[in-house]
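Two versions of one and the same chain are coming, encoded as structure tokens; call them structure 1 and structure 2.
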Structure 1
Amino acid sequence: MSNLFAPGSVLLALLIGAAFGFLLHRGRVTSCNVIENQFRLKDFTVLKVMLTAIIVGGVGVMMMADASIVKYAVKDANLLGVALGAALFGVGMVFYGYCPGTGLAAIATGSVHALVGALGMIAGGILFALSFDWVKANILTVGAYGKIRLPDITGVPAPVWFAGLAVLAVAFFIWTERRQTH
């Protein structure tokens, strides 16, 4: 029974995924209207949820790495690939009304249109896999800096980066709350 919840077990992954989906739903980001209104700059719920997740998750990973529980798996910094991927991701979010995580959580709430969009994500993933050799040769080589992190290239420790991000997030949260109440 104890192996069911061991790190890396399928059951543990399902439980964490279910908890994540539940929190997305409670955060109201399983509604395509909330996500679309983020892009219309009318509702900043998505950005608030994401900033909170980035800060909490980042600090958690940083603390586990400092305690030697996990090791950082730093990916190559490919600026053109990231820029094109971010643009494609954003356009896809606008048309779909969800990001991949919120789309799957919306499916769990019974959203049929989220299910149709998820099939589109699968098709897009297949197309990307089929074109990856071309992408690797022609896109990932532009602005390729290897495995780097902001603390490594700036000399500013990770805790300072997260503290700065947290301060900016809190200022943003205060600004959006004041903006929505006026």
Structure 2
Amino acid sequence: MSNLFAPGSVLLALLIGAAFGFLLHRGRVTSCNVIENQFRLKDFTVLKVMLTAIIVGGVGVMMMADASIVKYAVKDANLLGVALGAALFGVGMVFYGYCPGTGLAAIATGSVHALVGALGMIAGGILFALSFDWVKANILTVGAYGKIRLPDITGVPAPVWFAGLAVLAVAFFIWTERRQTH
């Protein structure tokens, strides 16, 4: 509780969180319809938001990391755990119609079913904690390569990755916008 009153911390969490929730809503990804229709390949809003965020955010963070202003905070590549978790995540996202962050945001816009799913998330979190010892011993150790980045394993530098991503993303955006106009 003490850090609740630490200078900056509370305000910063609320401000950055609020900006994130605001942007998610303005980007329409707090709509269950938009998310379900992404997986049905009828609406590409989710990919447009995510790819733009990754490229804009990535170039800035890369420049700040190069200038030693920020440090990378990469998650462990426990290949089996990440693959199995992501596989469950995709199924859960289609059933729920939201991801964890957009679900929270949707509750605040009046979505009652998002709230029901958030209670399900608490249940899932409890189940995970109860099975954590077994998971840690048997799954998280398989294919554990640590905090590796694509430039490390490919030898292709980060700016080239972002240039390639940007070209692919723009081509994809043009394709989807043309598709939507007729």
Partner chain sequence: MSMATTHEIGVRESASRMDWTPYLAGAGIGVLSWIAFAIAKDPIGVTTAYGRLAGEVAIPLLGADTVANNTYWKQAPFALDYGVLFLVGIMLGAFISSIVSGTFKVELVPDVWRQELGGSVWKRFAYAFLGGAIIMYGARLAGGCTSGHGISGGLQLAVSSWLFLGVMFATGLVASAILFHAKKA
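The first residue in the sequence of structure 1 is number 1, and each one after it adds one. Here the rigid core means the biggest group of C-alpha atoms that line up within 1.5 Å when the two forms are laid on top of each other. As the structure is a prediction and not an experimental result, all values here were calculated from the model.
* To do: Pick out the form predicted in complex with the partner chain: structure 1 or structure 2.
  => Structure 2.
* State yes or no: after fitting on the rigid core, is the Cα displacement of Thr141 between structure 1 and structure 2 at least 2 Å? => Yes; Thr141 is a residue whose C-alpha shifts (by 2 Å or more) between structure 1 and structure 2 when the cores are overlaid.
* To do: Please say whether, between structure 1 and structure 2, the C-alpha of Val74 moves by 2 Å or more once the core is aligned.
  => Val74 C-alpha, core-superposed: shift of 2 Å or more.
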